[in-house]
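Only one chain is given next, in C-alpha coordinates, and it is the form predicted on its own.
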(Lines give C-alpha, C1' and ligand atoms only; values in the text may rest on other atoms or scores of the structure.)
Protein backbone atom coordinates (compact mmCIF):
# COMPACT_ATOMS: atom_id res chain seq x y z
CA UNK A 1 0.00 0.00 0.00
CA UNK A 2 2.82 2.42 0.88
CA UNK A 3 4.47 1.74 -2.49
CA UNK A 4 1.15 2.29 -4.24
CA UNK A 5 0.60 5.61 -2.47
CA UNK A 6 4.15 6.71 -3.29
CA UNK A 7 3.61 5.79 -6.94
CA UNK A 8 0.32 7.73 -7.12
CA UNK A 9 1.97 10.78 -5.54
CA UNK A 10 4.87 10.59 -7.96
CA UNK A 11 2.56 10.30 -10.95
CA UNK A 12 0.44 13.18 -9.66
CA UNK A 13 3.51 15.39 -9.36
CA UNK A 14 4.69 14.47 -12.85
CA UNK A 15 1.28 15.26 -14.30
CA UNK A 16 1.09 18.52 -12.36
CA UNK A 17 4.51 19.62 -13.55
CA UNK A 18 3.71 18.68 -17.11
CA UNK A 19 0.38 20.52 -17.03
CA UNK A 20 1.69 23.79 -15.67
CA UNK A 21 4.90 24.55 -17.54
CA UNK A 22 8.04 25.68 -15.74
CA UNK A 23 11.34 27.31 -16.42
CA UNK A 24 13.62 25.32 -18.67
CA UNK A 25 17.25 25.37 -19.72
CA UNK A 26 16.68 27.76 -22.63
CA UNK A 27 18.68 30.83 -21.58
CA UNK A 28 16.70 33.02 -23.98
CA UNK A 29 13.26 31.98 -22.67
CA UNK A 30 11.47 33.37 -19.61
CA UNK A 31 8.63 31.49 -17.93
CA UNK A 32 6.31 33.89 -16.10
CA UNK A 33 3.60 32.88 -13.66
CA UNK A 34 0.77 35.19 -12.71
CA UNK A 35 -1.97 34.61 -10.15
CA UNK A 36 -4.32 36.80 -12.17
CA UNK A 37 -6.85 34.72 -14.07
CA UNK A 38 -9.51 37.25 -15.15
CA UNK A 39 -9.54 37.69 -18.93
CA UNK A 40 -9.36 41.49 -18.72
CA UNK A 41 -6.13 41.26 -16.71
CA UNK A 42 -4.41 38.35 -18.42
CA UNK A 43 -5.02 39.92 -21.84
CA UNK A 44 -3.17 43.07 -20.79
CA UNK A 45 -0.32 41.09 -19.24
CA UNK A 46 0.07 38.88 -22.32
CA UNK A 47 0.08 41.93 -24.60
CA UNK A 48 2.71 43.73 -22.53
CA UNK A 49 4.86 40.61 -22.10
CA UNK A 50 4.77 40.03 -25.87
CA UNK A 51 5.75 43.66 -26.54
CA UNK A 52 8.73 43.54 -24.17
CA UNK A 53 9.77 40.11 -25.42
CA UNK A 54 9.78 41.38 -29.01
CA UNK A 55 11.78 44.44 -27.98
CA UNK A 56 14.37 42.29 -26.19
CA UNK A 57 14.40 39.45 -28.70
CA UNK A 58 13.51 36.79 -26.13
CA UNK A 59 10.89 34.08 -25.86
CA UNK A 60 8.30 34.14 -23.06
CA UNK A 61 5.70 31.74 -21.73
CA UNK A 62 2.97 33.16 -19.50
CA UNK A 63 1.26 30.69 -17.17
CA UNK A 64 -1.85 31.61 -15.19
CA UNK A 65 -1.93 29.88 -11.81
CA UNK A 66 -5.12 30.37 -9.81
CA UNK A 67 -4.42 31.71 -6.35
CA UNK A 68 -6.10 28.72 -4.71
CA UNK A 69 -3.60 26.42 -6.46
CA UNK A 70 -0.52 28.59 -6.09
CA UNK A 71 1.11 27.14 -2.98
CA UNK A 72 0.57 23.55 -4.08
CA UNK A 73 2.10 24.22 -7.48
CA UNK A 74 4.95 26.25 -6.03
CA UNK A 75 5.76 23.35 -3.72
CA UNK A 76 5.78 20.99 -6.70
CA UNK A 77 8.00 23.38 -8.67
CA UNK A 78 10.40 23.63 -5.74
CA UNK A 79 10.55 19.86 -5.50
CA UNK A 80 11.46 19.60 -9.18
CA UNK A 81 13.85 22.55 -9.09
CA UNK A 82 11.90 24.31 -11.82
CA UNK A 83 10.47 27.49 -10.33
CA UNK A 84 9.36 30.18 -12.79
CA UNK A 85 11.84 32.83 -13.87
CA UNK A 86 9.42 35.65 -13.01
CA UNK A 87 6.32 35.59 -10.87
CA UNK A 88 3.52 38.14 -10.64
CA UNK A 89 1.92 37.51 -7.27
CA UNK A 90 0.70 38.93 -3.96
CA UNK A 91 2.65 39.75 -0.82
CA UNK A 92 1.77 36.28 0.44
CA UNK A 93 3.21 34.58 -2.62
CA UNK A 94 6.26 36.85 -2.53
CA UNK A 95 6.81 36.11 1.16
CA UNK A 96 6.55 32.37 0.57
CA UNK A 97 9.17 32.51 -2.17
CA UNK A 98 11.39 34.79 -0.08
CA UNK A 99 11.35 32.52 2.96
CA UNK A 100 12.27 29.57 0.73
CA UNK A 101 15.26 31.50 -0.66
CA UNK A 102 13.87 31.37 -4.19
CA UNK A 103 13.87 35.03 -5.27
CA UNK A 104 16.49 37.68 -5.94
CA UNK A 105 16.92 41.14 -4.35
CA UNK A 106 15.34 43.77 -6.59
CA UNK A 107 16.78 47.10 -5.41
CA UNK A 108 18.79 47.36 -8.62
CA UNK A 109 15.57 47.10 -10.65
CA UNK A 110 13.76 49.65 -8.46
CA UNK A 111 16.69 52.07 -8.79
CA UNK A 112 16.77 51.57 -12.56
CA UNK A 113 13.05 52.40 -12.79
CA UNK A 114 13.41 55.33 -10.39
CA UNK A 115 13.01 54.80 -6.65
CA UNK A 116 11.47 58.23 -6.07
CA UNK A 117 8.66 57.38 -8.49
CA UNK A 118 7.40 54.58 -6.20
CA UNK A 119 4.87 55.19 -3.42
CA UNK A 120 6.95 54.51 -0.31
CA UNK A 121 4.36 52.32 1.45
CA UNK A 122 4.34 49.96 -1.53
CA UNK A 123 8.08 49.46 -1.17
CA UNK A 124 7.82 48.96 2.60
CA UNK A 125 5.53 45.99 2.15
CA UNK A 126 8.13 44.06 0.13
CA UNK A 127 11.26 45.09 2.07
CA UNK A 128 13.22 43.17 4.71
CA UNK A 129 16.24 44.74 6.44
CA UNK A 130 16.40 47.51 3.83
CA UNK A 131 16.40 45.03 0.93
CA UNK A 132 13.47 44.95 -1.51
CA UNK A 133 12.60 41.48 -2.74
CA UNK A 134 10.07 42.45 -5.38
CA UNK A 135 8.90 45.36 -7.52
CA UNK A 136 5.46 46.68 -6.53
CA UNK A 137 2.95 46.70 -9.37
CA UNK A 138 -0.34 47.92 -7.86
CA UNK A 139 -2.11 47.81 -4.52
CA UNK A 140 -5.60 47.65 -3.04
CA UNK A 141 -7.09 49.41 -0.03
CA UNK A 142 -10.00 48.15 2.06
CA UNK A 143 -12.80 50.70 2.30
CA UNK A 144 -16.46 50.70 3.29
CA UNK A 145 -18.34 50.99 0.00
CA UNK A 146 -21.83 52.32 0.63
CA UNK A 147 -25.08 53.54 -0.91
CA UNK A 148 -24.91 57.34 -0.93
CA UNK A 149 -28.58 57.57 -1.92
CA UNK A 150 -29.73 55.49 1.08
CA UNK A 151 -27.55 57.53 3.44
CA UNK A 152 -29.22 60.67 2.10
CA UNK A 153 -32.71 59.19 2.42
CA UNK A 154 -32.07 58.28 6.06
CA UNK A 155 -30.30 61.55 6.83
CA UNK A 156 -27.11 59.71 7.85
CA UNK A 157 -23.60 61.12 8.11
CA UNK A 158 -20.40 59.14 7.45
CA UNK A 159 -19.69 57.18 10.67
CA UNK A 160 -16.63 58.31 12.62
CA UNK A 161 -16.50 55.45 15.17
CA UNK A 162 -17.87 51.96 15.72
CA UNK A 163 -20.93 53.10 17.65
CA UNK A 164 -21.95 55.38 14.81
CA UNK A 165 -21.22 52.64 12.25
CA UNK A 166 -23.50 50.16 14.01
CA UNK A 167 -26.23 52.78 14.43
CA UNK A 168 -26.06 53.63 10.72
CA UNK A 169 -26.14 49.94 9.77
CA UNK A 170 -29.24 49.33 11.86
CA UNK A 171 -30.91 52.47 10.50
CA UNK A 172 -30.31 51.21 6.96
CA UNK A 173 -32.07 47.88 7.59
CA UNK A 174 -35.18 48.25 5.44
CA UNK A 175 -38.41 46.27 5.10
CA UNK A 176 -39.41 47.64 1.73
CA UNK A 177 -42.72 45.78 1.30
CA UNK A 178 -43.87 45.69 4.93
CA UNK A 179 -43.93 41.91 5.18
CA UNK A 180 -41.86 41.86 8.36
CA UNK A 181 -38.67 40.72 6.59
CA UNK A 182 -35.61 42.88 5.91
CA UNK A 183 -35.12 43.46 2.20
CA UNK A 184 -32.05 45.70 2.44
CA UNK A 185 -29.50 44.98 5.18
CA UNK A 186 -27.29 47.70 6.61
CA UNK A 187 -23.81 46.15 6.58
CA UNK A 188 -22.63 42.83 5.16
CA UNK A 189 -20.18 40.80 7.26
CA UNK A 190 -18.91 38.01 4.95
CA UNK A 191 -17.28 34.97 6.56
CA UNK A 192 -16.22 32.54 3.83
CA UNK A 193 -13.65 30.26 5.46
CA UNK A 194 -11.12 30.74 2.67
CA UNK A 195 -9.53 34.19 3.03
CA UNK A 196 -12.56 36.49 3.30
CA UNK A 197 -13.37 35.82 6.97
CA UNK A 198 -9.76 36.52 7.89
CA UNK A 199 -9.65 39.62 5.69
CA UNK A 200 -12.85 41.02 7.26
CA UNK A 201 -11.61 40.32 10.77
CA UNK A 202 -8.15 41.78 10.14
CA UNK A 203 -9.60 45.04 8.86
CA UNK A 204 -11.35 45.44 12.23
CA UNK A 205 -8.28 44.18 14.12
CA UNK A 206 -5.93 46.58 12.36
CA UNK A 207 -8.15 49.57 13.09
CA UNK A 208 -7.68 48.66 16.78
CA UNK A 209 -3.94 48.08 16.60
CA UNK A 210 -4.11 44.28 17.01
CA UNK A 211 -1.38 42.64 14.91
CA UNK A 212 -0.08 39.14 14.26
CA UNK A 213 3.48 40.41 14.72
CA UNK A 214 4.64 43.55 16.46
CA UNK A 215 5.46 45.98 13.61
CA UNK A 216 8.50 47.32 15.47
CA UNK A 217 10.06 44.16 16.92
CA UNK A 218 8.75 41.42 14.64
CA UNK A 219 7.81 39.33 17.69
CA UNK A 220 4.61 37.29 17.66
CA UNK A 221 1.97 39.57 19.17
CA UNK A 222 -1.52 38.14 18.65
CA UNK A 223 -1.31 35.97 21.77
CA UNK A 224 -0.62 39.09 23.83
CA UNK A 225 -3.73 40.83 22.55
CA UNK A 226 -6.35 38.11 22.94
CA UNK A 227 -8.65 40.15 25.18
CA UNK A 228 -8.73 43.00 22.66
CA UNK A 229 -9.04 40.54 19.75
CA UNK A 230 -12.08 38.96 21.41
CA UNK A 231 -13.60 42.40 21.95
CA UNK A 232 -13.11 43.18 18.25
CA UNK A 233 -14.70 39.87 17.27
CA UNK A 234 -17.64 40.52 19.60
CA UNK A 235 -18.28 43.80 17.79
CA UNK A 236 -17.98 42.23 14.36
CA UNK A 237 -20.42 39.43 15.24
CA UNK A 238 -22.82 41.90 16.86
CA UNK A 239 -22.77 43.89 13.62
CA UNK A 240 -23.48 40.68 11.73
CA UNK A 241 -26.46 39.81 13.91
CA UNK A 242 -27.95 43.31 13.76
CA UNK A 243 -27.38 44.30 10.16
CA UNK A 244 -26.01 41.50 7.92
CA UNK A 245 -27.90 38.83 5.93
CA UNK A 246 -27.89 35.55 7.89
CA UNK A 247 -26.46 33.71 4.88
CA UNK A 248 -23.37 35.95 4.84
CA UNK A 249 -21.59 33.43 7.08
CA UNK A 250 -20.87 31.62 3.80
CA UNK A 251 -20.34 34.62 1.56
CA UNK A 252 -17.17 35.08 -0.44
CA UNK A 253 -16.19 38.05 -2.64
CA UNK A 254 -18.80 37.51 -5.34
CA UNK A 255 -21.77 37.28 -2.97
CA UNK A 256 -20.52 40.23 -0.91
CA UNK A 257 -20.04 42.51 -3.92
CA UNK A 258 -23.20 41.42 -5.70
CA UNK A 259 -25.27 42.18 -2.62
CA UNK A 260 -24.26 45.85 -2.79
CA UNK A 261 -24.49 46.07 -6.57
CA UNK A 262 -27.92 44.42 -6.68
CA UNK A 263 -29.23 46.48 -3.78
CA UNK A 264 -29.74 43.96 -0.98
CA UNK A 265 -27.17 45.56 1.36
CA UNK A 266 -26.22 49.18 1.97
CA UNK A 267 -22.56 48.82 3.04
CA UNK A 268 -19.78 46.30 2.41
CA UNK A 269 -16.05 46.08 3.06
CA UNK A 270 -14.30 45.81 -0.29
CA UNK A 271 -11.21 46.87 -2.22
CA UNK A 272 -13.13 48.60 -4.99
CA UNK A 273 -14.15 45.77 -7.31
CA UNK A 274 -17.79 46.57 -6.55
CA UNK A 275 -17.52 49.52 -8.93
CA UNK A 276 -16.37 47.43 -11.88
CA UNK A 277 -19.09 44.89 -11.09
CA UNK A 278 -21.73 47.63 -10.96
CA UNK A 279 -20.54 49.11 -14.25
CA UNK A 280 -21.05 45.71 -15.86
CA UNK A 281 -24.10 44.30 -14.07
CA UNK A 282 -26.07 47.31 -12.84
CA UNK A 283 -24.89 50.61 -14.38
CA UNK A 284 -27.71 52.56 -12.75
CA UNK A 285 -26.21 51.75 -9.35
CA UNK A 286 -22.78 53.24 -10.08
CA UNK A 287 -23.67 56.86 -9.32
CA UNK A 288 -25.13 55.80 -5.95
CA UNK A 289 -21.88 54.25 -4.68
CA UNK A 290 -19.13 55.89 -2.64
CA UNK A 291 -16.57 54.87 -0.05
CA UNK A 292 -15.11 55.85 3.31
CA UNK A 293 -12.49 54.35 5.60
CA UNK A 294 -13.68 51.95 8.28
CA UNK A 295 -13.23 54.05 11.42
CA UNK A 296 -11.47 53.00 14.60
CA UNK A 297 -13.57 52.07 17.63
CA UNK A 298 -13.29 55.57 19.09
CA UNK A 299 -12.40 57.29 15.85
CA UNK A 300 -8.63 56.74 16.05
CA UNK A 301 -7.75 54.25 13.31
CA UNK A 302 -4.40 52.48 13.76
CA UNK A 303 -4.02 50.75 10.38
CA UNK A 304 -5.84 49.14 7.45
CA UNK A 305 -5.84 45.80 5.68
CA UNK A 306 -4.43 46.14 2.18
CA UNK A 307 -2.54 44.22 -0.41
CA UNK A 308 -1.30 44.17 -3.94
CA UNK A 309 0.74 42.52 -6.66
CA UNK A 310 4.49 42.39 -7.23
CA UNK A 311 6.95 41.13 -9.78
CA UNK A 312 9.65 38.88 -8.33
CA UNK A 313 12.58 37.22 -10.08
CA UNK A 314 13.87 33.72 -9.41
CA UNK A 315 17.27 33.26 -7.79
CA UNK A 316 17.58 29.69 -9.09
CA UNK A 317 18.73 30.37 -12.64
CA UNK A 318 22.13 31.36 -14.00
CA UNK A 319 23.39 34.91 -13.41
CA UNK A 320 22.75 35.68 -17.06
CA UNK A 321 19.15 34.52 -16.91
CA UNK A 322 18.47 36.36 -13.64
CA UNK A 323 19.81 39.51 -15.28
CA UNK A 324 17.54 38.86 -18.27
CA UNK A 325 14.51 38.50 -16.00
CA UNK A 326 15.37 41.73 -14.20
CA UNK A 327 15.79 43.61 -17.48
CA UNK A 328 12.42 42.27 -18.62
CA UNK A 329 10.70 43.48 -15.42
CA UNK A 330 12.38 46.90 -15.69
CA UNK A 331 10.96 47.40 -19.18
CA UNK A 332 7.43 46.74 -17.88
CA UNK A 333 7.61 49.92 -15.80
CA UNK A 334 6.82 52.72 -18.16
CA UNK A 335 4.06 54.97 -16.80
CA UNK A 336 1.77 53.85 -19.61
CA UNK A 337 2.27 50.13 -19.01
CA UNK A 338 1.98 50.45 -15.21
CA UNK A 339 -1.27 52.41 -15.54
CA UNK A 340 -2.67 49.96 -18.07
CA UNK A 341 -2.03 47.00 -15.74
CA UNK A 342 -3.72 48.76 -12.82
CA UNK A 343 -6.70 49.74 -14.96
CA UNK A 344 -7.19 46.14 -16.10
CA UNK A 345 -8.55 45.30 -12.64
CA UNK A 346 -12.12 46.48 -12.18
CA UNK A 347 -11.27 48.51 -9.89
CA UNK A 348 -9.55 50.36 -7.79
CA UNK A 349 -6.05 48.95 -8.15
CA UNK A 350 -3.66 51.85 -7.65
CA UNK A 351 -0.40 51.79 -9.65
CA UNK A 352 2.80 51.91 -7.61
CA UNK A 353 4.32 54.72 -9.70
CA UNK A 354 3.36 58.36 -9.19
CA UNK A 355 3.88 58.92 -12.91
CA UNK A 356 1.42 56.12 -13.69
CA UNK A 357 -1.11 57.42 -11.16
CA UNK A 358 -1.43 60.67 -13.11
CA UNK A 359 -2.50 58.64 -16.16
CA UNK A 360 -4.63 56.29 -14.07
CA UNK A 361 -6.83 58.91 -12.40
CA UNK A 362 -7.62 60.60 -15.73
CA UNK A 363 -8.88 57.42 -17.34
CA UNK A 364 -12.64 57.66 -18.05
CA UNK A 365 -13.32 54.44 -16.12
CA UNK A 366 -12.19 55.95 -12.83
CA UNK A 367 -12.35 59.71 -13.45
CA UNK A 368 -15.98 59.82 -12.30
CA UNK A 369 -14.78 59.01 -8.76
CA UNK A 370 -12.38 61.88 -8.00
CA UNK A 371 -13.17 62.08 -4.29
CA UNK A 372 -12.81 58.32 -3.79
CA UNK A 373 -9.59 58.21 -5.81
CA UNK A 374 -7.99 61.01 -3.82
CA UNK A 375 -9.16 59.56 -0.49
CA UNK A 376 -7.78 56.09 -1.17
CA UNK A 377 -4.52 57.36 -2.63
CA UNK A 378 -4.05 59.58 0.40
CA UNK A 379 -4.46 56.47 2.56
CA UNK A 380 -1.72 54.71 0.59
CA UNK A 381 0.61 57.67 1.01
CA UNK A 382 -0.02 58.68 4.61
CA UNK A 383 -1.72 55.83 6.49
CA UNK A 384 -0.39 52.47 7.58
CA UNK A 385 -1.59 49.32 5.86
CA UNK A 386 -0.58 45.68 6.18
CA UNK A 387 -1.34 42.22 4.88
CA UNK A 388 -2.16 39.77 7.66
CA UNK A 389 1.01 38.30 9.12
CA UNK A 390 3.20 40.88 7.40
CA UNK A 391 3.08 43.71 9.90
CA UNK A 392 6.84 43.47 10.39
CA UNK A 393 7.72 42.77 6.75
CA UNK A 394 7.73 39.72 4.50
CA UNK A 395 6.60 36.65 6.42
CA UNK A 396 5.41 33.24 5.31
CA UNK A 397 2.65 33.58 7.89
CA UNK A 398 0.62 35.46 5.27
CA UNK A 399 0.68 32.44 2.97
CA UNK A 400 -0.16 30.11 5.88
CA UNK A 401 -3.22 32.21 6.74
CA UNK A 402 -4.28 32.29 3.10
CA UNK A 403 -3.81 28.55 2.66
CA UNK A 404 -5.79 27.51 5.75
CA UNK A 405 -9.37 27.97 7.02
CA UNK A 406 -9.04 28.22 10.79
CA UNK A 407 -9.95 31.91 10.93
CA UNK A 408 -13.16 31.30 9.03
CA UNK A 409 -14.07 28.23 11.03
CA UNK A 410 -13.57 30.07 14.32
CA UNK A 411 -15.47 33.19 13.26
CA UNK A 412 -18.35 31.21 11.78
CA UNK A 413 -18.54 29.24 15.03
CA UNK A 414 -19.15 32.45 16.99
CA UNK A 415 -21.70 33.74 14.48
CA UNK A 416 -23.64 30.47 14.70
CA UNK A 417 -23.57 30.45 18.51
CA UNK A 418 -21.32 27.39 18.76
CA UNK A 419 -18.62 29.13 20.80
CA UNK A 420 -17.72 32.45 22.39
CA UNK A 421 -15.40 35.04 20.92
CA UNK A 422 -12.89 34.22 23.67
CA UNK A 423 -12.90 30.56 22.66
CA UNK A 424 -12.56 31.47 18.99
CA UNK A 425 -9.61 33.76 19.69
CA UNK A 426 -7.93 31.07 21.82
CA UNK A 427 -8.33 28.66 18.90
CA UNK A 428 -6.98 31.19 16.39
CA UNK A 429 -4.00 31.88 18.67
CA UNK A 430 -3.24 28.17 19.01
CA UNK A 431 -3.43 27.68 15.23
CA UNK A 432 -1.23 30.70 14.54
CA UNK A 433 1.36 29.23 16.88
CA UNK A 434 1.12 25.92 15.03
CA UNK A 435 1.86 27.85 11.84
CA UNK A 436 4.80 29.54 13.56
CA UNK A 437 6.27 26.11 14.20
CA UNK A 438 5.61 25.07 10.60
CA UNK A 439 7.46 28.04 9.13
CA UNK A 440 10.11 28.11 11.86
CA UNK A 441 9.58 31.75 12.68
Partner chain sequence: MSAKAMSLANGRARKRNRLAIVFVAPAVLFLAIFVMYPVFYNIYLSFTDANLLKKNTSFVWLKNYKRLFSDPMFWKYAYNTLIWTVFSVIGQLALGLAIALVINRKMRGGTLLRSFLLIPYVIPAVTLALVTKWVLNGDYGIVSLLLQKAGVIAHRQSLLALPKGAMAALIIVNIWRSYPFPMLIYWAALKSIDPELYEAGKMDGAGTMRLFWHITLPLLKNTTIVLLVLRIIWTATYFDLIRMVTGGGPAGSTMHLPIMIYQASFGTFQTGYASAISVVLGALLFFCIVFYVKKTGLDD
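Positions refer to the first chain, counted from 1. Bear in mind the structure is a predicted one, so any value in this text is a computation, not a measurement.
Just so you know, the form predicted in complex with the partner chain exists too; it's not on screen, but the next bit is about it.
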{"item": "Whether 185, 245 and 427 all lie within 4.5 angstroms of the partner chain in the model of the complex by heavy atom", "value": "yes"}
{"item": "The partner chain contact in the model of the complex: residue 45, any heavy atom under 4.5 Å", "value": "no"}
{"item": "4.5 Å heavy atom contact, residue 305 to the partner chain in the model of the complex", "value": "no"}
{"item": "Proximity of residue 393 to the partner chain in the model of the complex, heavy atoms at 4.5 Å", "value": "no"}
{"item": "Contact of residue 38 with the partner chain in the model of the complex (heavy atom, 4.5 Å)", "value": "no"}
{"item": "The unique member of 71, 220, 354, 292 whose heavy atoms fall within 4.5 Å of the partner chain in the model of the complex", "value": "71"}
{"item": "Contact residue in the model of the complex, chosen from 64, 384, 375, 405 - any heavy atom within 4.5 Å of the partner chain", "value": "405"}
{"item": "Stretch in contact in the model of the complex with the partner chain, which is absent here, among 272-280, 327-335, 104-112, 250-258 (heavy atoms within 4.5 Å)", "value": "250-258"}
{"item": "Residues from 381-418 in contact with the partner chain (non-hydrogen atom within 4.5 Å) in the model of the complex", "value": "396, 399, 400, 403, 404, 405, 409, 412, 413, 416, 418"}
